[in-house]
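Shown below, as structure tokens, is a lone chain in the form predicted alone; questions about how it binds or moves come after it.
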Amino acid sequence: MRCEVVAIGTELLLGQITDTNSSWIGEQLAQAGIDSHYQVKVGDNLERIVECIGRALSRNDAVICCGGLGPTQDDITREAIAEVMGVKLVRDDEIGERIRRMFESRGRTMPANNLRQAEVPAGASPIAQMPGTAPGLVCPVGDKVIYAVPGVPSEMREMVLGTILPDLQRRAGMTAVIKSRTLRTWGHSESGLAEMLAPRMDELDQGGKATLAFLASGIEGIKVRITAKGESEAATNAIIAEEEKIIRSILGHCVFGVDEETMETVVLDRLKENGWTLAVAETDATGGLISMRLCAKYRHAAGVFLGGVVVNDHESQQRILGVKPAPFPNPATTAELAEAVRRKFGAEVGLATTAVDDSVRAPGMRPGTVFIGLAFADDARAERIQLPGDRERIREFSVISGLNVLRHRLSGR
């Protein structure tokens, strides 16, 4: 079973919106065991959309069209699919009524043009999941199929997971269960991880029950995805669990989380387990990014993350935290900032970041030199790390690196 993704919208071609939908759909298809060899983008032009869908259908068993299902004049995916199918659009009164009820539930009157969204190609059926006003569609074309989903990511994902993937697997006659588990790592490069895992990957290539793949994800770390196929969910889970045990034995402590866990949720949960609280002092090294990411995980941060301050210059460091200025970032000052913010908020743990950039001439240090300070009741110290890339990349890597240093300390390493 082969499936192509066609992303529709002129804004995608102009770079006004980044097409994250296609990459997500591609990942889901791979995990479901569906081959996907092409992904294309096309603007809001009927002739070109028809051409793209037709070409995609000619070389695949299925096509997923993403976008162009709204109520405005440039939303023409429905018209294009109807032309490919060789049928007319027909009004689905049930869909129209559902859209009307959505507006009324929000205390609003439905604009007349929203009824365009109730027009579907003859022979097509709506996708059961309909979290917004744009209905998804399943459009049979002989023994092939075209799916249409809206471009709103949350709506698209619900339809893909709820209807499209199961339908593709049914059409493919798949009875096996394919599942994946993602190990999140930090501390080694992608090439370094590949080198460490090369012997294991060779073994799997020669007849293993699982496959491994790498995905560098910036501030989220580097992911190692384990995918397995089994006769049942229990059998597949057992294969993945055994492979995860082997991978962890090879990679060791650089594995910090699984699947949806992030570095900040892991750190916050470990602090909570210890009954400890955290406060953060940030300079322009991270500029508030650590505090922002911790606050975003409100369920994990509640009662743990007490607060943070951004002290970009010497005056604010001394006025707010009482730390005397130093001519350039150094371990002693960074450790002092961590201790000062710990006391300021009455926390058990203080975390601080400083960094050398192009504007600072520090002896023996080059841009990308970052200091991570940690303070506990009986100890305050700082670690020096060297990070690659431009200023923005260094800032982002400083966030996960700082939290990773704290993770290791909380684990007694």
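So that there is no doubt, residue numbering starts at 1 and follows the sequence shown. Between two forms, the rigid core is the largest collection of C-alphas that superpose within 1.5 Å. Since the structure is predicted, the reported quantities are computational estimates derived from the model, not experimental observations.
There is also a form predicted together with a further copy of the same chain; it is not shown, and the following applies to it.
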query: Contact residue in the predicted complex, from A122, A296, I250, L161 (heavy atom within 4.5 Å of a further copy of the same chain); finding: A296
query: Partner contact for G43 in the predicted complex: a further copy of the same chain, 4.5 angstroms, heavy atom; finding: yes
query: Contact test in the predicted complex: A198 vs a further copy of the same chain, heavy atoms, 4.5 Å; finding: yes
query: Any non-hydrogen atom of V405 within 4.5 angstroms of a further copy of the same chain in the predicted complex; finding: no
query: Touches a further copy of the same chain in the predicted complex: P388 (any heavy atom, 4.5 Å); finding: yes
query: Listed range touching a further copy of the same chain, judged in the predicted complex by heavy atoms within 4.5 Å, from 253-261, 322-330, 280-288, 77-85; finding: 280-288
query: Within 4.5 Å of a further copy of the same chain in the predicted complex: residues from 291-307 (heavy atom criterion); finding: S291, M292, C295, A296, Y298, A301, F305, L306, G307
query: Did G54 shift 2 Å or more between this form and the one not shown, C-alpha, core superposed; finding: yes
query: I25 C-alpha moves between this form and the one not shown by 2 Å or more, core aligned; finding: yes
query: Large Cα shift (2 Å or above) at L387 between this form and the one not shown, core-fitted; finding: no
